[in-house]
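Below you'll find only one chain, the form predicted alone, shown as structure tokens.
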Amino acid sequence: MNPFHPLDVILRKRDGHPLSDDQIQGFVRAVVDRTPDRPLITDAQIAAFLMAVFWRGLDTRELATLTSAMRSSGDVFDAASLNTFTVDKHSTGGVGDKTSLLIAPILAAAGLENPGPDGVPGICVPMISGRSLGHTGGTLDKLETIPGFNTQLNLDELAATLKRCGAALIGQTPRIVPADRTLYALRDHTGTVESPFLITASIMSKKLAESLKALVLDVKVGSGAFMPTYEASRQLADLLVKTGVISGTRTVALLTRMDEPLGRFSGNWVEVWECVDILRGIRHPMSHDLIELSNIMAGWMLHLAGRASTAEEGARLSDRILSSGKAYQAWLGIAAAQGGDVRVFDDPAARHKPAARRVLMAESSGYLASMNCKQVGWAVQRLGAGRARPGDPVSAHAGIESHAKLGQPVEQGQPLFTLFSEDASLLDEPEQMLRETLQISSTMPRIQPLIRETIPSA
């Protein structure tokens, strides 16, 4: 192998030439192996590489190699000993997006119904999740509002929980894809976060570190999506699917509507409350879109796992599992196995105790026509439910309740949102943000379908 020189890699990509596998792998190794007394590569050189990729992009081979090198930069979960079908989902981030809290127990229940050798569930979901940042929520912050729930399992504990429960929901450990930690931190400071190539490598390296056999991706489209246009979301979805397929993982991407918060609540504990209600058979009308999307995604996962002949059949199976109470029993098992106090699920509404709340009323009659969902997400964040920077604390009880969906008729004085906060002084700015973005029209608006497009693996 030729000696590694980071400047050679930077200049080659800057000038629009493809990088060799050795160059990409050497670059990632240098990022991970450097120490203060052994600086194999500088932050400035990493930043220059990121900007070169931002402008020049990566071809399919380069992207697959970068993803693989990042995946292998630290610990990788080995599911072979479980002798099961490992499958997971990932969302590119949205407002009120809590599908993981429904999908994990649905799939766990399906796996527990048909165990494999040694009683191991036939399907396992090793779900590595993230925290909220910016206008989007984070699964870990929601889970950690459950007293005692431990999201920081090591890989041995992850395997034990999967063997017992069929699913586990954990955070990224310091040794899982350490290259991504460094690259992401510098992307955030160099204006390269939006690169679809760097986003793909970041997402897929972490998901492929779970040793998945199948992956279903929820790529958001609309005013609350991370990507600015439908075309950009479509490109990202295509890159994610191609990268998954090259790695040997069956991968499907759904482009889903994110023009309004998903479901009834947006926040932390309130989203847990909403999902527990659904798992217990309580289906609030404002949760219809959340239930539909969860069943569609779980249906794809069940189809890829061989439990349904089509994704549509899988969605129907998912809803039967959800309606039967089996998913709720699986949820209780997962929460207990990860140290959670399941008694709080007996009456989740009683645990919601914000210090202050305010109801935002419709100023005129008509149809709820539009909103900037990203601004709604920022309002949730300003109430205390999210964070502006990594490490910021989040409030368990801050958030919003939606009382109307896009396209629905509303009357003047009707509640549109209820705002929750643990600090009354935080209510004014989010209320103004919501008032500025909500549009009521005299004519019924055209609402995009929940699933805009499906990109299956080849």
Ligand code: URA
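Numbers for residues come from their place in the sequence shown, where the first is 1. Here the structure is a predicted model, which means the values were calculated and not measured.
Form predicted in complex with uracil (URA): not shown, discussed below.
- The partner is absent here, but in the predicted bound form a heavy atom of 206, alone among 131, 135, 206, 352, sits within 4.5 Å of uracil (URA).
- Shown without its partner, this chain lists 77, 345, 226, 149 as candidates; in the predicted bound form, only 226 has a non-hydrogen atom within 4.5 angstroms of uracil (URA).
- Contact annotation for residue 120: none of its heavy atoms lies within 4.5 Å of uracil (URA) in the predicted bound form.
- In the predicted bound form, uracil (URA) sits within 4.5 Å of a heavy atom belonging to residue 202.
- At a distance threshold of 4.5 angstroms between non-hydrogen atoms, residue 230 is out of contact with uracil (URA) in the predicted bound form.
- Heavy atoms of residue 187 reach within 4.5 Å of uracil (URA) in the predicted bound form, making it an interface residue.
- Contact with uracil (URA) in the predicted bound form, defined as any heavy atom within 4.5 Å, is confined among 371-379, 151-159, 331-339, 179-187 to 179-187.
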